[in-house]
Structures are given as structure tokens and as C-alpha cells.
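Presented as C-alpha cells, the chain that follows is alone, the form predicted alone.
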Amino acid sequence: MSATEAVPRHPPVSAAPRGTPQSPLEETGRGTRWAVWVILALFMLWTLVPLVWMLMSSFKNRTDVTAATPQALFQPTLDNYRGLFSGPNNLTPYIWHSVLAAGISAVLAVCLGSLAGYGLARTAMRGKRHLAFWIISTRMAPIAAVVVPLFIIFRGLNLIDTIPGLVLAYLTFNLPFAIWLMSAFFAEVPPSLEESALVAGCTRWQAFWTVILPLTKAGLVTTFILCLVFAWNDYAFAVVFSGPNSQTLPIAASQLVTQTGVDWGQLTAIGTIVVVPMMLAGLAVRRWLVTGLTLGAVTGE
């Protein structure tokens, strides 16, 4: 018997068709991916369908909005938006008040939060973690617990029904959040970078301004957008501290719900005006927003 005949011959192994799972583990992984896609699709429907329906309803006339059967096909009209900017329902002052109060409070929160967060991240002291937790715990306090003390203080300082009063009210909740978030970003920056800047002749402020801040641009944008959204959507502070001279968009929306009925067309129109600017702002800076939420914000420092 030759050596060739002594070796048993096995049938050739054929490759599995493309798309066929190569192993049970691969099949399980594919099933998991499908489950994730289904969950994401359901979440997108849950999130987007109400927004799309609100946008569509804002272009419907009164008959289509209040129809017993929902109308998907209709003749678009701008009457609801015209009604918001004409006559007694002029929305322009409310928009201006919201822009001022939310914008100024967000800018101040980022500026002050950056300085305090940098000091918290770079200062070595006993109990720093407890201090950081105490700062963010003030953000966790219910609004009802701080409304009455703030109202007494603001009334004594003549800040009721003023834009500065709303700005300070928003800062009471935005500033602790900004400090906590920015301290996490500054903790991610190696101290050796600013030490090199100090050796090169920079002052502490120059090192902070020219080296540290550019490296935490994602954190600055993230903090600003989140603080802006919190202030823009606020109703509790606005209904307590604002008045005819400082009422914001959420207050204007609540005034459309009266004892005689609800103007659903204008209500959906003002809801669109409230939601769309913040969505556009988030989409414009989504790259920085995603980077910020997944980098320093998750460290919990």
C-alpha cells in the first residue's frame, strides 16, 4: 500500500452561502442587532409622530383641527401663525423676552460655570468630591422648594416682572449644572499642557484662555445648548416671577387655554415656534453636542 493510499481522504469543505450565519454566536449577534433596530425605530416613532402631528396641525384650519376623524390630507393655511402676530395675541414681545432671558442666562452660566469648574477640577483640597456633589445636588432640588424664598428675595430687590429677575432665577438651576459639567471636561485635559504654557511664560489666565478653553470647546457648546434649552422651556419660574413686561413663550401658550375653550390651531402653532428653534440649534451643533455628552459628562467628577 502506498503512502498516498494510506491517508484517508475527507470531502472538501464548502463555504457557507453569503449571508448565512457561520456560527450560533453570529446568529445570536444578528438577532440582537435586529432587536436594537426595532427598539430604535419604535423610539423614533414615539418621539417624532407627536412633533410631526403638531407641525401639521399648526397649518390646519379650525374645522380640520377639531374634526372627530384626524385629517392627514388638508389644505394648508397660515391663519394660525397670522393670528399669533396680530391683534391682542401678538407673540413678538414674548419671543423677545424668551430670547433675552434664556440667552443671557445661558451665556452667564457658561462663563461662570467655566471659571468655577476649572477651579474645582484643578484645585487639590480635602472634600472636593463632596463639594462637587453638593453643587449638583442644588440642581436636583425641586423647583417648589426654592420658588418661595426666591420670590421673597426678588420682591425685596424689585426684580419681579423683570428680565434680570428671570435671568437670576434661571441661573439658580443652570449654574450648578454648568459647574458640574465643565469641571468634568476640565478634568479630562492633562495638567501638563497648562504647565508647559506656564513654563513658556504664560500667566495662569493666559494658559486657561489660550490652551484649556479651546480644548474644551465641545464642553462649552454642550453646556450652553443644554442651559439654553432648560431656560427656553421653563414654565414654573416664568409663571411666578414674570409679568406683563417679561412673560415668555410658555406663558403665552398657557394663555390660549381658557374657560371658553382651547384654540388648538394657535396652540399647535406656538408649540411649533417653541420647539423648532431648539431643535435647529441642537442639529446645528450636534457634532459638539454628541462629543460633549459622551466625553467629559460621563465621568461624574
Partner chain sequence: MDRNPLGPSRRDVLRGALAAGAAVTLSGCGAQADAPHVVTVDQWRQFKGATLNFISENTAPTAAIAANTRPFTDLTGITINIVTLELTALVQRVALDLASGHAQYQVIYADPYQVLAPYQRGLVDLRTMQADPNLPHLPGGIADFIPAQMDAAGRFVDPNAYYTLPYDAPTMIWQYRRDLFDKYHDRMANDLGFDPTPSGERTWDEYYRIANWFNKHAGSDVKYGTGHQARQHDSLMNDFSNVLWSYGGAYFDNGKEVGRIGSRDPGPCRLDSDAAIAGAEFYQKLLAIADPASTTWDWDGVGAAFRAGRLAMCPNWHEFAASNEQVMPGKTGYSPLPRGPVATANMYGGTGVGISGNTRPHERGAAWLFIVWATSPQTQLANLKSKAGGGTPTRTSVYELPEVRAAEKRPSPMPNMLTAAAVRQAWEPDKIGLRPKIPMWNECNTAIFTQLSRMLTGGATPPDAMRTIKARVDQIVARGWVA
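Residue numbers count along the first chain shown, from 1. Owing to the predicted nature of the structure, the values given are computational and were not obtained by experimental measurement.
Same protein, other form: the form predicted in complex with the partner chain, not shown, and the subject of what follows.
Screening Asn233, Thr272, Gln247, Asn61 for any heavy atom within 4.5 Å of the partner chain in the predicted complex leaves a single hit, Gln247. For the options Ser86, Thr210, Asn158, Ser137, the one in contact with the partner chain in the predicted complex, meaning a heavy atom within 4.5 Å, is Asn158.
Residues placing heavy atoms within 4.5 Å of the partner chain in the predicted complex fall in a single listed stretch, namely 66-74, out of 66-74, 272-280, 30-38, 43-51. The partner chain in the predicted complex comes within 4.5 Å of a heavy atom belonging to Val240. By the criterion of a heavy atom within 4.5 Å, Val147 is counted among the residues contacting the partner chain in the predicted complex. Of the heavy atoms in Ile251, some are within 4.5 Å of the partner chain in the predicted complex.
Put simply, Leu55 is far from the partner chain in the predicted complex: not one heavy atom of it is within 4.5 Å. When contacts are defined as a non-hydrogen atom within 4.5 Å, all of Thr258, Gly261 and Trp264 contact the partner chain in the predicted complex.
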